[in-house]
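Quick heads-up: it's one chain on its own, the form predicted on its own, in structure tokens.
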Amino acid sequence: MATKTQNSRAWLFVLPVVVLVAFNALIPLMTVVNYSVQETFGDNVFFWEGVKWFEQVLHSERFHASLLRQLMFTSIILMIEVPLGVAIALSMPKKGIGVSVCLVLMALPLLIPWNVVGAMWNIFALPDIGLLGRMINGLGIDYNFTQQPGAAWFTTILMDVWHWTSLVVLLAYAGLRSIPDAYYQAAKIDGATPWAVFRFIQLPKMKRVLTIAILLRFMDSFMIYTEPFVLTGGGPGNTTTFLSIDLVKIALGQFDLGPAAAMSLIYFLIVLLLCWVFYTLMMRHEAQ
């Protein structure tokens, strides 16, 4: 009986990429850790501060407010984009030229650079010259995202839904296309309703891709910066100042490198922890 021999030399092709990525990640991380425990007044002179900056950030009302806004924004867009993406994927054709047309249309928003998305929606939503702004005001609704907190939130969420729902659609559609026709034939023979087919066949088979979609959208939305910064600049006031925008203001606007470094590490740990919680909850029955 012949025995298989494993050849691990293929890892040699991946090793340079792994080393390069690790180098590019570790050097900035070491720099951030260095700034988070020290203070400097210039001339490359540092003073040891220990955990002072971490305590300052964790007890800061400004940080708590930014974190709350970030959690609210992420929760809202996940509750909108995931069901909407699945619904669109279910309604897309399975055969013919319509498949290619739908896939291209779904991919188009993902190809637009983030700063361009923010600039597009800034012009689109302006109350005086923007198509969206003039249309909403034409309906008798007072709308001005540059001055009204509610309108700023609505515009930011609408922009993100337009930009990123396509990612959920493409992943969900890929999961649906991987389901063998035998499952649908068996369901048809059993007289299953469309809801039963979705609940017991399609949704379980999409579990892995939806897990990936939720994790990707959570990480992207929790670290969002360019789109809302270009759209609203974090305003009006601090209405749309999410964690990433607040971090940049502290680091570059105020040049408080110590608090900014500590905040960035806390930010990173929050994202890592919440991603682990999401993944654990969604995959807890996978081994059963």
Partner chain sequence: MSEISLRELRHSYLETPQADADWALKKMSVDWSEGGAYALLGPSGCGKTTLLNIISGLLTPTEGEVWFGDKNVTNMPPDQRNIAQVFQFPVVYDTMTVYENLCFPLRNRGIPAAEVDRKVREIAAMLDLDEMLPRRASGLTADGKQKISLGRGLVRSDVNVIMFDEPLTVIDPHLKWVLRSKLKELHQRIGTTMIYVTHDQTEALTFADQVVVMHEGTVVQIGTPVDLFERPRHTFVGHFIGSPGMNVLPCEIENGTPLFAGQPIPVGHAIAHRDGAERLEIGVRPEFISFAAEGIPVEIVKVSDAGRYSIVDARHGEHVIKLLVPEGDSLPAESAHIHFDPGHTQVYADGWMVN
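Positions refer to the first chain, counted from 1. Bear in mind that the values here come from a model prediction, so they are computed numbers and not experimental data.
There is another form of the same protein, the form predicted together with the partner chain; it is not shown, and what comes next is about it.
- Not one of 67, 72 and 153 is positioned with any heavy atom within 4.5 Å of the partner chain in the model of the complex.
- At the 4.5 Å threshold, heavy atoms of residue 190 reach the partner chain in the model of the complex.
- Heavy atoms of residue 147 never reach within 4.5 Å of the partner chain in the model of the complex, leaving it off the interface.
- Using a 4.5 angstroms limit between non-hydrogen atoms, residue 82 is distant from the partner chain in the model of the complex.
- For residue 141, no non-hydrogen atom is located within 4.5 Å of the partner chain in the model of the complex, even though that partner is not displayed.
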